[in-house]
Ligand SMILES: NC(=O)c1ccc[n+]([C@@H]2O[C@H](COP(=O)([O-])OP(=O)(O)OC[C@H]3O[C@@H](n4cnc5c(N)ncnc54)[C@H](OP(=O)(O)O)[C@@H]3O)[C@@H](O)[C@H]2O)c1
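We begin with a single chain expressed as structure tokens, specifically the form predicted alone.
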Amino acid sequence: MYIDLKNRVALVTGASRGIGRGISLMLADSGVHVILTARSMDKLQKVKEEITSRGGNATVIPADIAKEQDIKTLFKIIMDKFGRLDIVINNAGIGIWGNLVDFSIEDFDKIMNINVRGTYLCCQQAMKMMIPQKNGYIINISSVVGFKGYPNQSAYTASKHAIMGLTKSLAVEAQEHNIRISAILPGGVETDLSFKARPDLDRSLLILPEDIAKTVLYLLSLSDRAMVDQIFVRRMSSSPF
């Protein structure tokens, strides 16, 4: 196993619900001490309670990924408390939908600020901790729209393409430090965001958050001779292209 997950420290952004919650639970079940972050303290506490009820360990540190100072404070707390960071799951993100002609620049900036800038800053802070360790794994949660497009999703699609560009470049840059960077690109997952984006989808055909969590565990299980740059997880009912 590339990373012995027992007693490792992982940060999951957007951990209060959906994919982030699913990943957090599964990492904790595997012996990882999970740092849960999102804006909602109440929702994060509920995820922590789920983890502890199953015998796992978690720490709640609320932060707004749209705010640079929140991110810097988050990573400082992690360093002060744990002295290391082994895994980062950049999952936090938002979606706002609408045709390009009527789309407000304020909404465009909001998407880019959280999805792209927030992920970029988290990668930056994580690298500062991982380079001295000569070890670590950063996994960015992208989307099917990271390589294809749907109508009325231009801003969201642009943000996920940007995450793919960041991931591809950083994967090469980090390799010399024995740090791995991968992206997971899910199709429709059973989350509130998916329902808002595609209300036409049959809920029973959507990917489960647990499927994405298992994909994270797969990446973490690889030997030090293997590297996966990206994984596209699609719905069984959808086209591969």
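The shown structure was predicted, so the numbers you read here are calculated from the model rather than taken from an experiment. Heads up: residue numbers just count along the shown sequence, starting at 1.
Only in words, not in the display: the form predicted together with this ligand, which the text now covers.
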| note | As a check of understanding, the residue in 155, 78, 114, 139 with any heavy atom within 4.5 Å of this ligand in the predicted bound form should be identified as 114
| Listed residue (87, 130, 92, 123) with a non-hydrogen atom within 4.5 angstroms of this ligand in the predicted bound form | 92
| When this ligand is placed as it is in the predicted bound form, which of 48 to 56, 24 to 32, 170 to 178, 62 to 70 ends up with heavy atoms within 4.5 Å of it? | 62 to 70
| For residue 191, is any heavy atom within 4.5 Å of this ligand in the predicted bound form, or not? | yes
| said: I'd like to check something about residue 38: if you look in the predicted bound form, is any of its heavy atoms closer than or equal to 4.5 Å to a heavy atom of this ligand? | reply: yes
| query | Within a 4.5 Å heavy atom cut-off, is residue 19 in contact with this ligand in the predicted bound form? | reply | yes
| request: Report whether the minimum heavy atom distance between residue 15 and this ligand in the predicted bound form is within 4.5 Å. | output: yes
